[in-house]
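There is one chain below, alone, in structure tokens, taken in the form predicted on its own.
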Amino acid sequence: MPLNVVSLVSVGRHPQSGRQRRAEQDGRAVELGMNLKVVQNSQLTVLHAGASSEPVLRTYAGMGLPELKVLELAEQDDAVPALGDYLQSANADIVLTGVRAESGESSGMVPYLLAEQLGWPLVPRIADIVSIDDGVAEILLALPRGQRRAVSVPLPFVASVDNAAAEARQTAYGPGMRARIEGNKAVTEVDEVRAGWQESDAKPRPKRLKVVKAKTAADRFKAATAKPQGKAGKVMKSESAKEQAEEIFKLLLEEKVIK
């Protein structure tokens, strides 16, 4: 019987523009699942829990997938119970996820909660699945500074895919639009904790003033007593304290320390 591999995907968000995109780590999870399909003759299912109308899902399908399955959930629903029920009914052998999502809660807890619900071992931050023999997978873990560690894990298991894994292949528009997206109704549970949250855009950090870095006491003394080289400075001696404070406030605004 071929192995049943399930790759979970989510809607990503670009860190600079904030636009929706294919999540980086989820794309690597799909790439790993597609490589297993070739090497191990496994059956790959790409699964998304959320809205089936997301256009980003087409970018995953454009990697060469004939279809993509969706568990239709509302934004306030908890995805973990629905995913756990589906994986049990689908008799999955390997579940691949990203380390954390790029939108939503982004807590990185989904792989751990799924492994706890299913009663399976969790393998965090993997770089590759080398081989699978007699129900045991040889896995390479991604360690800091490019190091790797080989471990053996019995099937079934849940694994989160690190950025050290193979990069996801480019997506093609035509195959992505032709792929079939199958929506499935799921038993939903409202995430009561998240329902009470209030989200707001993060504020940019204030810009720091340039500070002279000196290693010795002599360098620090020289930097403190050196005459200013720029001509944009202004020396205020006879002005009132109010005028001096206004100039300081104006400088802080120009340097974007405060807004």
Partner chain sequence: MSFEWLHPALIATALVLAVIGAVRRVSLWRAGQPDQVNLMAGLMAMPKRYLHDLHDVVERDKYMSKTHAATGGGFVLSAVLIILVHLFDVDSQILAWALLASSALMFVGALFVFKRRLNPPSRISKGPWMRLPKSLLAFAGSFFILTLPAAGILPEGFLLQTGNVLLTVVLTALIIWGMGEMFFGMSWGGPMKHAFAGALHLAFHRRQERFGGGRSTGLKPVDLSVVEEFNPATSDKQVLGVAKPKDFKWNQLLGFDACVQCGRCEAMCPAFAAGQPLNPKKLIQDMVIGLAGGDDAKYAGSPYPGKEVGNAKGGPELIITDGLVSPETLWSCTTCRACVEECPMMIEHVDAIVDMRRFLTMEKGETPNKGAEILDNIIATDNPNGYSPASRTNWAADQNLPVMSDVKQAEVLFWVSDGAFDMRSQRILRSFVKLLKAANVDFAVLGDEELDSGDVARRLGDDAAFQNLAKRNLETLSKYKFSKIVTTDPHAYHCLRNEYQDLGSNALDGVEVLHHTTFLNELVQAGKLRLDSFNGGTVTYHDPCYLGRYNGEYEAPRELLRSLGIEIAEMERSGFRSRCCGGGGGAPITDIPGERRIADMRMEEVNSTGAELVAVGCQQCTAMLEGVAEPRPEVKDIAEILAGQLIEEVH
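All values reported here derive from a predicted model rather than from experimental measurement. Positions refer to the first chain, counted from 1.
Form predicted in complex with the partner chain: not shown, discussed below.
Spell out, yes or no, whether the shortest heavy atom distance between residue 16 and the partner chain in the predicted complex is within 4.5 Å.
Residue 16: contacts the partner chain in the predicted complex.
Would you check, heavy atoms only and a 4.5 Å threshold, whether residue 177 touches the partner chain in the predicted complex?
Judged by the heavy-atom cut-off of 4.5 Å, residue 177 is in contact with the partner chain in the predicted complex.
Is the gap between residue 89 and the partner chain in the predicted complex 4.5 Å or less for some heavy atom pair?
So residue 89 does not count as contacting the partner chain.
Does residue 188 reach the partner chain in the predicted complex if we count a contact as any heavy atom within 4.5 Å?
Heavy-atom contact with the partner chain at 4.5 Å: absent for residue 188.
I need the one stretch from 81 to 89, 150 to 158, 117 to 125, 165 to 173 whose residues put non-hydrogen atoms within 4.5 angstroms of the partner chain in the predicted complex.
Partner-contacting stretch among the options: 165 to 173.
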